[in-house]
Structures are given as structure tokens and as C-alpha cells.
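The chain below stands alone and is given in C-alpha cells; this is the form predicted alone.
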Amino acid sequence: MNIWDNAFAIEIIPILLQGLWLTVQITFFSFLISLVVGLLVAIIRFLRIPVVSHIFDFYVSFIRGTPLLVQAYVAYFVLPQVGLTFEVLATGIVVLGLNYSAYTAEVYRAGIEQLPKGQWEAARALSLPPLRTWFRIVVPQAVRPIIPVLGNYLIMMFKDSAILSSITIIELMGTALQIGSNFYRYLEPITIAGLMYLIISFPCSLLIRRLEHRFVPTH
């Protein structure tokens, strides 16, 4: 008996590619959410607005202190019990995006705090409005050195999206598990799914490494 079935492996590749495509879409939209929400959280925490900043401090601590799987289960199982029902794919994308927003917020904060004080003083001297100061001066300079870090989070998010299979989203890992369940063969689908994750992640890691040399200043 052959442990590995080449014919079966070739047959399931197109199905797994469909799962991979959904994984890429989930990662893309979740990453957009994490970038936007993370930036807003970082700005609000940096401004130290009474009460509001503390709420966002708790948000970051809560998200970082609880597993992504638990957050996905809460969104999928608990929220419908209190009358909040959402489409499962949208739920997965939002959960993944909000989870990573807590981490991107910390990265943004580090980038903002590294900005020279002279930049703030120059903005005040020119009497620039706060929004213009943030989005024309602060954010562009703060984001540039943290691009490689954000890129690493993108790769991690791509791999962590496999957790969403636990809430019935048939992305790449969910597709592999479904094939394994249908045919009682897990070796080929799980192995090929792992290789697909690697094929996407490895070149991206090399690209991030090149970006580090370009954007992160050396001392």
C-alpha cells in the first residue's frame, strides 16, 4: 500500500488552490482592517485622551492577552446568542483584522514615539491643524521605518488565517480538512496545503528582508 497517492494529490490541487485564493482574500481585507484600526488606536492612545485612551489601552491588552481562537469562537458562537448574527466570512475577516490591529497599534506607537521632537515643534510653529500635522507630517515619517514589521505581521496573518477553519470558513486549511474528511485521506491535502503556505510565505519573507535594508536605518 502506497502511503502517498500521486493521482489523488494531483486531483485535489485545483480544489486547494480555490481555498488558497480565499485565504489570500481574507488576509488582504483583514490586513487593511488591522492597518486602519491599528493606526486609530495608536493615535488615540498617544494623545492620552481621558477615559477614551484607557478604553483603548484595555482593548489592546484584551486582544493581545487572549488567543485568536477564543476571539473567533466568541464572534461565531457567543454573539449570535445575544442577537448579533453576521455572515461567517465577514465575521472571520473582522476578527482577524481586529486581532492584528492590537499588534499594529503597538508598532505604530513605536514609530510615532521615534519621531524627533523637532517635527512636532515645527508643526506647532507653523500653526498646522492637528489632522494635517498627523497625516501630512507624523504618519508618513512614522510608517516608513515600520514597514518591514508590518510586512512580517502580514505574513503571520496569512498563516494565522488557518484558525478561521475552526469557525467553518473553508479557506486553505478548511479545504484541506474537508478533503481529508470526505476521502479519509489527510496526508496529501494537509501536506499540499502546508507547501502552499510555504510557497507564499517564503518569498514574502525574503521581500520583507530586503525592505528592512531599504527602510530601517542602520547605525
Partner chain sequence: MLSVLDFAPLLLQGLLVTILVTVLGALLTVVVAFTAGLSGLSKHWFLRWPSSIFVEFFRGSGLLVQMFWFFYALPFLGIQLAPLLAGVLALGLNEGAYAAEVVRGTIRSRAKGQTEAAIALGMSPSLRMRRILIPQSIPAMLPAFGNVMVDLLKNTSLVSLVTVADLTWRAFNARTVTGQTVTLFLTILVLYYIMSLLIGWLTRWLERRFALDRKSLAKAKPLKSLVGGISS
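Positions refer to the first chain, counted from 1. In this text, all values refer to a predicted model and were calculated from it rather than measured experimentally.
From this point on, the text means the form predicted together with the partner chain, which you will not see here.
Although the partner chain is omitted here, in the predicted bound form all of I3, V74 and Y103 have a heavy atom within 4.5 Å of it. The shortest heavy atom separation between F28 and the partner chain in the predicted bound form exceeds 4.5 Å. The closest non-hydrogen atom of Q81 lies within 4.5 Å of the partner chain in the predicted bound form. Looking at L177, you'd find a heavy atom of it within 4.5 angstroms of the partner chain in the predicted bound form. Not displayed here, the partner chain is approached by S61 to within 4.5 Å at the level of heavy atoms in the predicted bound form. The partner is absent here, but in the predicted bound form a heavy atom of L187, alone among L40, I49, L187, I55, sits within 4.5 Å of the partner chain. Residues of 163 to 183 that come within 4.5 Å of the partner chain in the predicted bound form, judged by any heavy atom, are I163, S165, S166, M173, L177 in sequence order.
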